[in-house]
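Provided below as structure tokens are two forms of one protein chain, presented individually as structure 1 and structure 2.
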Structure 1
Amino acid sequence: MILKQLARAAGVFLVVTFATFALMYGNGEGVARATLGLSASAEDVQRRVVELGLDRPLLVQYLDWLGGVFAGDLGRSYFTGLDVTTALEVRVPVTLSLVIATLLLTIVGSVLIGVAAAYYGGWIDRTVQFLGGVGAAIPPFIVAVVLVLFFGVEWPLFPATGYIRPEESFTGWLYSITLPVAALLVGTIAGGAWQIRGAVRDMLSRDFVRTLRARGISERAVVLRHVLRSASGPGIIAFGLLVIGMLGGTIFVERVFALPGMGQLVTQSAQAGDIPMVMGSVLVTIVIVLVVNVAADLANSLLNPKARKR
């Protein structure tokens, strides 16, 4: 099973990276001019095209990049000359900080809220459904702007912009990611709680729950041990998808809080045609997506015996 997953992952990696490379390709002259500025002469542009190797065939350039990946060399930015791996070393932890913190808080929050809504029903359920709808509908960008306005500027409890590395100051790091994570959390908890609520409600209506109750098993054990475990399958898949979706949401949040994360790097590099930087970012994104998928599969099979048999 692991070999099969690895083969699938390798296939996805090759298809996505080649497709990205092909999409970025063909702008050799444009990229060279963009690096030199408005006043560059045609000769200077041509010289730069050759210098950057942009005059070579697509496949040669791609294979060159791929060879570099296996050798641990992702190249250098066409614009700033910065080593791509160095840039990623700075950017990846920022985005991962946001994604992991948001995911953990989302799991805890969604499970608590979703189970409560499904179990108690009534006004709690209606409130959760209403707030969930509102929360899911508001883009993280808007939430971020409101949060920074109130808790960053008007009532400056947290820094309005910037990121502090945890190795520099753990409390500073906690501070710097609080508002961005809160901005992402509103939508993710709303979506996650909905998923958990639906799955738990479904399980609560099953025959095995009635049987468990008839056997005198405590409500806490029924809900936490049996119902929640059975509902975990769709929940884990939902959380996996949430992480992948969150990678997009972080782009806007990083911009509002001026965080030097992957989102900023991807948008800047793609706009400029900085192929090495875009490919480095794509590589990291694919790895995150593949790791999340494998982790979700493993978690699912650990919690759900049925999934193991598949």
Structure 2
Amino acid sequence: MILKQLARAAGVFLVVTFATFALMYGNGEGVARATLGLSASAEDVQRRVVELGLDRPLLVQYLDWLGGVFAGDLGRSYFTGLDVTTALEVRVPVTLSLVIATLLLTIVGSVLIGVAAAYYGGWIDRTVQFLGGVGAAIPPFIVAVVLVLFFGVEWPLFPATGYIRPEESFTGWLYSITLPVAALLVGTIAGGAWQIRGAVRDMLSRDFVRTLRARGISERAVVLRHVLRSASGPGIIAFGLLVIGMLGGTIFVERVFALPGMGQLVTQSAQAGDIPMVMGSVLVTIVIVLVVNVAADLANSLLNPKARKR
């Protein structure tokens, strides 16, 4: 099972990275001209193409880049000369701080809210559905701007911008990521609670739940041991998709809070046409998505015996 998942992830990695590489490096003259400026002569552009190795077949360039990936060498910025791997080592922890903290809080919050809405129903269910719809419809950057205005400027309880690394001050790190994580949480908890609520309601209507209750099993055991475990499959898949969507949201949230993470690196590199930096950022994003997918599939197979047979 694990080998099958890893082989599938490796195949997706090769296809996606090659397609992305081909899109970015397919026009060698365009890449070279972007580094020199629009006023560069044709001779200068051709000289730059050869200097950057863009005159070689695309497959050869990709294989060289792929070899560098496994050797920990992603090349250097066309503009600053900064090592791409070094830049990512500084930026990735910032983004992962937001993603991991948001994911953990989303799992806890979504399960509690979703189970409460499905089990108790009534006004709790209606409130969760209303707030879930509103929360899922509001983009994270809008929430981020509102949080900055109220809790960073009007009532300065948390820093409006900036990032403090946990090795410098753990308390300061918590303060610096509180508002960005809150901005991401609004949408992710809304979506997660919605999925958990639907899955739990479906399980509560099954015959095996009525059988368990008829046998005198306590309500707590029925819900926590049987219903929640049976509903975990759809929930895990939903959380995996939430992480993928969350990566897009972090780009805008990092911009609003001026956090030195992947979002800032991607936007600045893309605007400058710094292809090695953009390709390195895309690589990290692809790896995170694949790791999350593999982890979600493995967790689902452990909790759901039917998934192991697929």
Partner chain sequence: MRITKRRTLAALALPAAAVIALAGCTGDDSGETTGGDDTYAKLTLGMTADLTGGWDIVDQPPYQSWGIEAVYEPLVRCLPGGELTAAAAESWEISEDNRSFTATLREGATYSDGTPVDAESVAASYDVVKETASDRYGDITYEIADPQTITISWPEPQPLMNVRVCSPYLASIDFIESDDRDTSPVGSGPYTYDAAASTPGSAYTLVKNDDYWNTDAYPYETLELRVLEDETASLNALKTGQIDGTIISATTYDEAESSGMEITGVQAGLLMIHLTDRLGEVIPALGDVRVRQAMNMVIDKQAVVDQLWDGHAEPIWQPFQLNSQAILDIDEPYPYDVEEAKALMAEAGYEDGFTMTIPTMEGQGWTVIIPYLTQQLAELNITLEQDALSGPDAIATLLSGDYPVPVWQVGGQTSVEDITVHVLDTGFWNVLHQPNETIDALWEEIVTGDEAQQIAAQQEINQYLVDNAWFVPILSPYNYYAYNADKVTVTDVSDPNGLHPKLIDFQ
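Computed from a prediction, not measured in an experiment: that's the story for all the values here. Every residue number counts along structure 1's sequence, beginning with 1. Take the two forms, find the largest set of C-alpha atoms that superpose within 1.5 Å, and that set is the rigid core.
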Worksheet item: Is the form predicted in complex with the partner chain shown as structure 1 or as structure 2?
Response: 1
Worksheet item: Can you give the rotation, in whole degrees, of the smaller rigid part against the larger between structure 1 and structure 2?
Response: 11
Response to the item:
Core-superposed C-alpha displacement of Glu51 between structure 1 and structure 2, in angstrom, equals 3.8
Discussion item. Core superposed first, then measure: what is the displacement of the CA of Leu38 between structure 1 and structure 2, in Å?
Written reply: 7.5
